[in-house]
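Given next, in structure tokens, is a single chain: the form predicted alone.
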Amino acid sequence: MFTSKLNTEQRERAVNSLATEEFDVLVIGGGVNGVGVALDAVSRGLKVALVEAHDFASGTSSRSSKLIHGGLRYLEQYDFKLVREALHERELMVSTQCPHLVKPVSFLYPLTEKVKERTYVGAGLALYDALRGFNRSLPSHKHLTGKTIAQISPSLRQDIITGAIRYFDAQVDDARHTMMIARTAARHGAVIATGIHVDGLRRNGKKVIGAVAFDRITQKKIEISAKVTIMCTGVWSDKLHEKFGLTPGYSVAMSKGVHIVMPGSAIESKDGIILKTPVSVLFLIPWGGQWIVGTTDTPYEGDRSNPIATHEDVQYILDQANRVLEPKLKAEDIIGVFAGLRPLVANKTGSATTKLSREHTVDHPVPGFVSLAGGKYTTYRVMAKDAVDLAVLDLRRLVNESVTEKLPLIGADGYYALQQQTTEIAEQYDLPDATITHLLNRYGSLMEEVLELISSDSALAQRLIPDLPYIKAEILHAVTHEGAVSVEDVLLRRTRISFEASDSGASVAEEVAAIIGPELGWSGRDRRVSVEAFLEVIADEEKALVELLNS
């Protein structure tokens, strides 16, 4: 059987396979769509390889609103198909696919007018509930009075809020979820390697027969053979189509989404809050002991590799949230800021990104090559299925149907039973119940991997930062099992310390390097380089906040 472990030994084997074997499917891109395609293809019995230039979810897939949702805003655009599809996927994730990663979260839609607004919003949420179908893990929406709102959410301004409607969606650590999909694909036999940059395509006449790649770690060229290549590179799609000399049937428009992170004390509310804004919606999302507030939705034409929030972005978020909050959010209380880019399929030049459809496009410009673009995080599985369905036509043989609708991610097996045993497990390992619950909701049944590290070295049971739940064993585990190869990988994506810690994790970067360095075979210089690279990243992300505070 195959292993789901992603580490330096696994990567070395993967790179050797890339150079010496032929694959049915080569996937370019390690975001949620790419790993979703790899899982869909390998679970059909195909021989699959996936390469990612940087790290899993290093782009858009780690910078979302962390929500698994149908998209209320798309109802106003009459995009009922997309909403129905997304709600079905939400149901699968919450109930069977990955309940250890995707959790229900309740939201309040505040009302400022007693009759017309309640009728209009209530009808929309009734439709939202109806589009779920009959399999329902989450409660239906409920109308609440102003008096009830004052108890549930004291931070909402009582002078303008007349009531609210509560509804449910779900939330996820997007980067962790993406990585766990990759591990699931590896568990079923996919050959996966990060740090592999694709420089070009291999061709036999017009047909694409693989890719020419460069290994960033060994500095060596790799020629990969594959019967069909599927590109899932999001906002990089246009650039890569041009580089590869391909003419796709679509173009991608980039929309920037910015979020700020506030301390838990900034907003007093038992539920999340959703607000309609002049251009989109704003979410105030409970996230552990903090709040994530966003997002913006603005056209973007800058550096794809480093989208940066501006002080105007941050001010916009504060202004929109403060319309209904008392006391108001303050810039000086912001813990973190992060920006991401949405890859939206553009149907005509000059379309405003807020009007573009979030439905996806699968394109087949030449034999042996398929590209996937658009869509939303929640519907990654459907997009992956559609891409593989089109790609396998080039294999010219019968291929099994997709089974991912019935395929749980690793860690889901036994999750509900383990929920009932947290106290016993905590006593067995001499750990607080809260630590076991934390691990269970990040690893599911795979938390055994983390606990084994603690059994070998009890010092790894200590928290890395006293105010956050992450323990040192998780830092080591990120390298031994989850494919992390840098301080940035660990603090930005395997954990979310980069936006949860008051100093963005700067004070623990050296300690993280000391924990993971021996496993990665680092020298003292390697450690310094990795720490400095991480500090540069968080300094870039904090520029907007610094500018705002100094303006």
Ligand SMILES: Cc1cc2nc3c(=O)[nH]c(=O)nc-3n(C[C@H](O)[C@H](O)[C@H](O)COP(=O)(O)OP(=O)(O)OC[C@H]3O[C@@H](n4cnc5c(N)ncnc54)[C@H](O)[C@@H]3O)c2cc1C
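Note that the structure is a prediction, hence the values are computed from the model and not measured. Throughout, we count residues from 1 along the sequence that is shown.
The next section is about a form of this same protein that is not shown, the form predicted together with the ligand.
Asks: Among 484-492, 522-530, 505-513, 24-32, which stretch has residues whose heavy atoms lie within 4.5 Å of the ligand in the predicted bound form?
Replies: Of the stretches listed, the one contacting the partner is 24-32.
Asks: The ligand in the predicted bound form: within 4.5 Å of a heavy atom of each of Ser64, Arg342 and Thr378?
Replies: Looking in the predicted bound form, the three residues Ser64, Arg342 and Thr378 all sit within 4.5 Å of the ligand (heavy atoms).
Asks: For Trp236, is any heavy atom within 4.5 Å of the ligand in the predicted bound form, or not?
Replies: Yes, Trp236 sits close enough to the ligand in the predicted bound form that at least one of its heavy atoms falls within 4.5 Å.
Asks: Contact with the ligand in the predicted bound form for Asp55, defined as at least one heavy atom pair within 4.5 Å: yes or no?
Replies: Asp55: contacts the ligand in the predicted bound form.
Asks: Does Val392 make contact with the ligand in the predicted bound form, using a 4.5 Å heavy atom cut-off?
Replies: Judged by the heavy-atom cut-off of 4.5 Å, Val392 is well away from the ligand in the predicted bound form.
Asks: Is Ile196 a contact residue for the ligand in the predicted bound form, using a 4.5 Å heavy atom cut-off?
Replies: Yes - in the predicted bound form, heavy atoms of Ile196 and the ligand come within 4.5 Å of each other.
Asks: Going by heavy atom distances of 4.5 angstroms or less, which of Gly257, Gly411, Gly336, Gly210 would be at the interface with the ligand in the predicted bound form?
Replies: The residue in contact is Gly257.
Asks: Counting any non-hydrogen atom inside 4.5 Å, which residue from Thr184, Ser153, Thr295, Ser371 sits next to the ligand in the predicted bound form?
Replies: Only one listed residue qualifies here, and that residue is Thr295.
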